[in-house]
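Just one chain follows, in the form predicted on its own, and it is written as structure tokens.
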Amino acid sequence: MKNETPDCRTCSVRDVTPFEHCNRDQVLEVQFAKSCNFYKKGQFIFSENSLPIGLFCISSGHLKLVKYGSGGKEQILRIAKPGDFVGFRSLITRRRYNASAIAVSDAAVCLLPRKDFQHLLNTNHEFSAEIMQRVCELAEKTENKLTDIAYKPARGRIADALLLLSNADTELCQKDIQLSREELAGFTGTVKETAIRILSEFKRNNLIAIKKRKIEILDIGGLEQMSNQFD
């Protein structure tokens, strides 16, 4: 089926974005100002250290925000789902992107140019307040993740990741998001071999089911218990 550019006026994810605070005329302005690109799994939306050009909003699919360490090792900072904005902190601070955004699955991503985003910030106080709240929430999540990596064992971090992804997609890895073992390791600050070993342990304990690269959560309570262990 041919990719169709989403219409902001009928967008299925608009109500979970700050655009829900825009009136009809503002939504129409966004509709005519924005563009939409379609990405295949593995394609870059933007690269670390590049200059921000506008606000990216995910219409469908999932993205990963990543940084690369020595030897090209990938550290996944977060997984972004439909309705999420990416790159907006760099846009606000007028700094280069501190991470790269890459499609985890086929994705449709809309781009609102910087000047139109800035106009909304200046003229719509509810929209601006919602953006600021998201900035604060991302900062808090980053702090929590750093604490987890420092103090929580790999088993707990992987349990956290599975629970987070199940919240992002109610059928974890059953639709269009399928993290490889390398990606799961990069997301949890561990190595591939450790991720594979822990997933096998979770499977033996009937916490999850694994079918090729697809993971299904069987016992949310059991994973939550694993997540809360710090030794």
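The first residue of the shown sequence is 1; numbering continues from there. Since the structure is predicted, the reported quantities are computational estimates derived from the model, not experimental observations.
Although not depicted, the form predicted together with another copy of the chain is the subject of the following passage.
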Contact check for Thr17, Glu29 and Ser59 against another copy of the chain in the predicted bound form, heavy atom at 4.5 Å: no
Partner contact for Ala154 in the predicted bound form: another copy of the chain, 4.5 angstroms, heavy atom: no
Partner contact for Lys67 in the predicted bound form: another copy of the chain, 4.5 angstroms, heavy atom: yes
Non-hydrogen atom contact Lys115 with another copy of the chain in the predicted bound form at 4.5 angstroms: no
Close approach of Ala185 to another copy of the chain in the predicted bound form, 4.5 Å, heavy atom: yes
Stretch 128 to 144 - residues with a heavy atom within 4.5 Å of another copy of the chain in the predicted bound form: Ser128, Ile131, Met132, Gln133, Val135, Cys136, Glu137, Ala139, Glu140, Thr142, Glu143, Asn144
